[in-house]
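Look below for two forms of one protein chain, each set out as structure tokens: first structure 1, then structure 2.
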Structure 1
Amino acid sequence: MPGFLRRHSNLLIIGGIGLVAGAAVYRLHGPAGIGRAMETAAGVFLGVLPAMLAGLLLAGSLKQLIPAGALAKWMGAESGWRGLGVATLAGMAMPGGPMAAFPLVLVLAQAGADRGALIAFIVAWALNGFQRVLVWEVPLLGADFAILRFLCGLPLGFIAGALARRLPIDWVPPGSQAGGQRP
């Protein structure tokens, strides 16, 4: 059933890596290692579940509130460097963990942001999110190091976004109807 395999390829790949890694853990650490890992996984699952439900509800509601294509002018394929700049600023301002950020990327995609802007957003959020820099990096590693690290990260979202726009890989946002706008 090639259709079944394609539809669930993500699940199968992740499950496959999991089985291999689990077997390696079993060989190295025995059942105790497996137990520890499953405990960690269950703890993370229960920890992120509420935030994830909130993040997805936020994304689902915003999708209804923001008309499709509304952001195309700001972050679309024709937005150039300015679009990457807007996306970088939005990413740095975005608070919260991956459970909020990745569903929001779906919303931005539906609202007309192109892949370059989406990737600039993700890189800026992951690397230079103000909240994390202020809450974690400055207190733990010192302001001087944090500023140096921040400056070195500043151009990266632009570079990743500009590169992503030139990569010849087709991509349509998941959940969007076939025939949606492509770059």
Structure 2
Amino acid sequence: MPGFLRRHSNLLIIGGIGLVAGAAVYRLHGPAGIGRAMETAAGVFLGVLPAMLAGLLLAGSLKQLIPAGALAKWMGAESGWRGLGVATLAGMAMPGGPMAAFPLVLVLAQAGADRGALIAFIVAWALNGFQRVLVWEVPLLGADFAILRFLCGLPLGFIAGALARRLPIDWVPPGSQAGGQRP
């Protein structure tokens, strides 16, 4: 039972919050309110489904193309600052939203990237993604501000990745060989 709770704790927490919210909607708005909430939930699900399927297809395809351990030299624990740099550049170049980025992070982890490189990737993707800078920041805020913000955020991927390598937190990627041996 503890293994089940560890693997599915997020589902249980979100499910519990959903049940409490559903009970509140039922109490305040009755069965019609529950129906409207379910329609809204179905609309959100159907809107997110294509991106989720594409991201999972990308992750599954990359997992078949990149053998386990192949990235250890470039983004593994022994790669040093070079690994953080490669991960930061890859994160900045990664287009798309979380439905593409997070499955890719899992594939990178299973291919040998260490947690520092994964953190550098995610931070760089979130803060300095080229797509966001060019599509949103430059047109809306102007080139000068976008460049200033980009330069200020540039070292944060390296810093976060280096910090992640030093923190004493054990993490095993889901689906990895070691992940199946957890108690």
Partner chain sequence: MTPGQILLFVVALVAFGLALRRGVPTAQRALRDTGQTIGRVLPLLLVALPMAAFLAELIPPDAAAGWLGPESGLPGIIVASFAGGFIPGGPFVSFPLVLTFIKAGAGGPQMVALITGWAILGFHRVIAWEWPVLGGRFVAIRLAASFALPVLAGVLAQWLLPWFPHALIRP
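All of these numbers come straight from a predicted model, not from anything done at the bench. Reference numbering: structure 1, starting with residue 1. So that the term is clear: the rigid core is the largest set of C-alpha atoms that superpose within 1.5 Å between two forms.
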statement: Between structures 1 and 2, the form predicted on its own is number 2
message: Supposing the chain moves as two rigid blocks between structures 1 and 2, can V20 and A93 be said to share a block?
response: no
- prompt: Looking at the two forms, how many whole degrees does the smaller rigid part turn against the larger between structures 1 and 2?
  reply: 24
- line: In Å, the rigid core superposition gives a C-alpha shift for L46 between structures 1 and 2 of 2.4
- request: Quick one: how many Å does the C-alpha of A37 shift between structures 1 and 2 once the rigid core is superposed?
  value: 7.9
